[in-house]
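Coming up is one lone chain in structure tokens, specifically the form predicted alone.
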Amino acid sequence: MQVNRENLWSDWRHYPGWKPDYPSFKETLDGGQAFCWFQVSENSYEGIVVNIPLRLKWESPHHILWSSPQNIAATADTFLKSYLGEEASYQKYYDNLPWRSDQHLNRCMKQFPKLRILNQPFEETLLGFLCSATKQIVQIKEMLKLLRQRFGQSVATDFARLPTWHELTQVSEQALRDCKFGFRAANIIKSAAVIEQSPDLFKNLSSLSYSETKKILCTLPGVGEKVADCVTLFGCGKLDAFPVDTWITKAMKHHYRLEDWKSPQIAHFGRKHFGNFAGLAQQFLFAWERNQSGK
């Protein structure tokens, strides 16, 4: 007998810890820091983080709703509180950014006033950004979706988690290419082998500085400055990281007069100018630039 997947989900529940406007809600989930969320209606997303299927729905700034399979609702509730972060912490982060003296940052923050950095699982984030070279967000999502479907373990009806690094050592490069990974397949296979051979490589990353964390990440095949900064920010919670991609290069050129600056120079400027929460500032700049281009 066919199971109705909707009957497996819990009722919608109010999430009180985040009260975003719709642009901030959408940009947080679908703005390039995570690749596990898929829009299923005008104001709702569905995804799986690690092994937890989730739904998030925006109804108003005071009504963010969530749902999960009924059998893991308690686990999902606890996870969301960590994943989405605390209101008090984010108010402190916003207050410490130089928006009072930086007119462009002020403008970006007004457009996405409740934008957040998701507290993502490290290894999932690393895998996602290893797929990111020369790829758009929608393409990275599709690659990881295929990887889940073909090599991930099923955790609920129509949901499979990503394969672990150990499981990836059993996958061939051609099989990854068949999942649309292209040249990235070789780097993922090589990185999986390195991680398998060095099980303590990522031990205690949370206690290391931004520069120490980045140095370790850059030892992996396929991890350069940009990927390392993205993983350091989004997967390790080092908010002083300042990833530089084409959108940020454009923003810094047009609004901060950094014409002809190289990416490492821009990253250094960003960390100095925006301070301890430079990574959050980067997301505001990135969101504004990308949305302005769409207009």
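From a predicted model like this one, the values you see are computed outputs, not experimental measurements. Residue numbers here begin at 1 and follow the sequence given.
Keep in mind that the form predicted together with the DNA is not shown, yet the notes after this line are about it.
Contact between S132 and the DNA in the predicted bound form is found at the 4.5 Å heavy atom cutoff. Not displayed here, the DNA is approached by P243 to within 4.5 Å at the level of heavy atoms in the predicted bound form. The DNA is not shown here, and in the predicted bound form it never comes within 4.5 Å of any heavy atom of H255.
Looking at I52, you'd find every heavy atom of it more than 4.5 angstroms from the DNA in the predicted bound form.
G222 is the sole member of P121, G85, G222, P163 with a non-hydrogen atom within 4.5 Å of the DNA in the predicted bound form.
Though the DNA is absent from this view, in the predicted bound form it lies within 4.5 Å of a heavy atom of just one residue from K203, R177, K92, K215, which is R177. Residues within 4.5 angstroms of the DNA in the predicted bound form, judged by any non-hydrogen atom, belong to 246-254 and to none of the other stretches in 63-71, 246-254, 266-274, 38-46.
For the three marked residues, F183, K262 and Q283, a heavy atom of each sits within 4.5 Å of the DNA in the predicted bound form.
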